[in-house]
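Take a look at this one chain, the form predicted on its own, written out in structure tokens.
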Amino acid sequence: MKVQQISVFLENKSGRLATLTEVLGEAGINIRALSIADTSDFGILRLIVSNPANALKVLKEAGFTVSITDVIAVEVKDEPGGLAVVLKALEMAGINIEYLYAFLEKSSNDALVVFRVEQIDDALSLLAKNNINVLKGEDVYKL
């Protein structure tokens, strides 16, 4: 139930992000979700894409510094307090969230939240026990 996320180190200069998206587009890779954290000199771009293995390959070939990280994609009720239910379950189990970002799921009325947590296997077990839907990577890549 883990999802592979592409993480890319990007210099903070004009055109770098455009080049990256062009490389992915030319390889037929669709971006499903993204998040970027930046400083004045560089940024870390995090992507969920339709084909993580191929994205890793083509981005490395294009000269980008890139890696794959396991994350989880959790279905969250798209209503007030929906995210709080998931966060509270993780908090009660002592599972720390390193970062998260969200996107709307096309196939339902719910939102998807991508989590990077310290204890990913513990988090997956906990979420299953709490009847919180965690999507499989192949399902997320097809959204």
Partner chain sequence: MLHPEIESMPREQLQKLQFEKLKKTVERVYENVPFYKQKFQEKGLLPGDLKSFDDLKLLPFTVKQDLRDNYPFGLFAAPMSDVVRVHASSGTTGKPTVVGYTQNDIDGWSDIIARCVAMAGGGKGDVVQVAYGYGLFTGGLGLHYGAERLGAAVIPISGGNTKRQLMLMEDFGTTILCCTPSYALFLAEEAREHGIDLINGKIKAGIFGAEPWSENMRKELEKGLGIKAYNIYGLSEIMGPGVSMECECQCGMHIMEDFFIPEIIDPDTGETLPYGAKGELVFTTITKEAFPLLRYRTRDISVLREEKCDCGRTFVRMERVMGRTDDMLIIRGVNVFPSQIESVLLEIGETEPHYLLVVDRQGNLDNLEVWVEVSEKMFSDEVRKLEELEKKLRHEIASLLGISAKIKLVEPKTIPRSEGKAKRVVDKREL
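No experiment lies behind these values; they were computed from the predicted model shown. Positions refer to the first chain, counted from 1.
Beyond what is shown, the protein has a form predicted in complex with the partner chain; the following relates to that form.
Colleague: Given the stretches 81-89, 47-55, 24-32, 114-122, which is the single one in contact with the partner chain in the predicted bound form, using a heavy atom cutoff of 4.5 Å?
Modeller: It is 114-122 that comes within 4.5 Å of the partner.
Colleague: Indicate whether the partner chain has at least one heavy atom within 4.5 Å of a heavy atom of residue 42 in the predicted bound form.
Modeller: Flag for residue 42 set to yes.
Colleague: Taking any heavy atom pair closer than or equal to 4.5 Å as contact, tell me whether residue 13 reaches the partner chain in the predicted bound form.
Modeller: Yes, residue 13 is a contact residue.
Colleague: Within a 4.5 Å heavy atom cut-off, is residue 4 in contact with the partner chain in the predicted bound form?
Modeller: Contact check for residue 4: no, nothing within 4.5 Å of the partner chain in the predicted bound form.
Colleague: Look up in the predicted bound form whether residue 103 has a non-hydrogen atom within 4.5 angstroms of the partner chain, and give yes or no.
Modeller: No, residue 103 sits far enough from the partner chain in the predicted bound form that none of its heavy atoms falls within 4.5 Å.
Colleague: If you apply a 4.5 angstroms heavy atom cut-off, which residues in 62-92 are near the partner chain in the predicted bound form?
Modeller: Read in sequence order, the residues that approach the partner chain (within 4.5 Å, in the predicted bound form) are 63, 64, 65, 66, 67, 69.
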